[in-house]
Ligand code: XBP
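A lone chain, given as structure tokens: the form predicted alone.
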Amino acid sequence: MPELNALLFDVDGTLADTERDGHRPAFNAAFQEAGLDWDWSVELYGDLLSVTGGKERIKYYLDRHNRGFKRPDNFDEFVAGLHKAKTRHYTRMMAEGAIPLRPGVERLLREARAAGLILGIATTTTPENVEVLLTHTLGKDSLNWFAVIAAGDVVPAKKPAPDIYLYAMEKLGLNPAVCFAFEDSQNGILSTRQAGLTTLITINDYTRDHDFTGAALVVDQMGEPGRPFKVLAGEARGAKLVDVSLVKTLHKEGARLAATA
């Protein structure tokens, strides 16, 4: 059986609960700044999250929820400008310490580094968003913890396409059999499954009702000492925290199932 070499992480909703209290208000700030009367409520944003990518999300909003908006001739530039302003507002919010990492994330990252595992990121959010999250939660040196940060528009097709994970593994020079992924959404599990990756899901308020078929384990969070995770699907083998030992066990089981499929 192939041994585990690398852990690949989604960012938004997986490393931190950035969607509801980070990206959403940052979008709204960008809209207000541009003189638009758009307001993305918590409920509306839940629907918009069915689409990955900020620019794609704006277009989906106009197609589905605001069809009466008169689109300017330079529509793509208009959308890109809104998204750039949103990223600026998001970066400011993160720099102010608005959003912490989810329970167990820092613990697992440090355990994985100590165990000699390679760390990587595979996300549809922008590289700027990844950088500001990591530097303001783990410190500037944490950017060096990750051998690859695959983010934003480095691939043409975003999740649920597998492209961002395939890109990350290509950069690492590794194949799916020696990697393990962490996601939080249906689009995420669809992406990792197509990339051939064994995957652990940590849900959030927006994704708790998603279909996670194919996940090795679904939990409410990664857990901390004295604050164990709750298993929603799969078998945790008696574990109370998502740690390196559990991940290696899930990876080995995933490899065994792949070999007999």
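Sequential numbering from 1, following the sequence displayed. The shown structure was predicted, so the numbers you read here are calculated from the model rather than taken from an experiment.
Quick note: we don't show the form predicted in complex with ligand XBP, though the next part is all about it.
- Using a 4.5 Å heavy atom cutoff, none of D17, P100 and T137 lies near ligand XBP in the model of the complex.
- Contact annotation: ligand XBP lies within 4.5 Å of heavy atoms from the stretch 123-131 in the model of the complex, the single such stretch among 102-110, 70-78, 123-131, 170-178.
- Listed residues P228, G53, G234, G196 were compared with ligand XBP in the model of the complex; G53 is the one with a heavy atom within 4.5 Å.
- By the criterion of a heavy atom within 4.5 Å, H89 is excluded from the residues contacting ligand XBP in the model of the complex.
- In the model of the complex, at least one heavy atom of Y45 sits within 4.5 Å of ligand XBP.
- Among residues of the shown chain, R57 is one whose heavy atoms approach ligand XBP to within 4.5 Å in the model of the complex.
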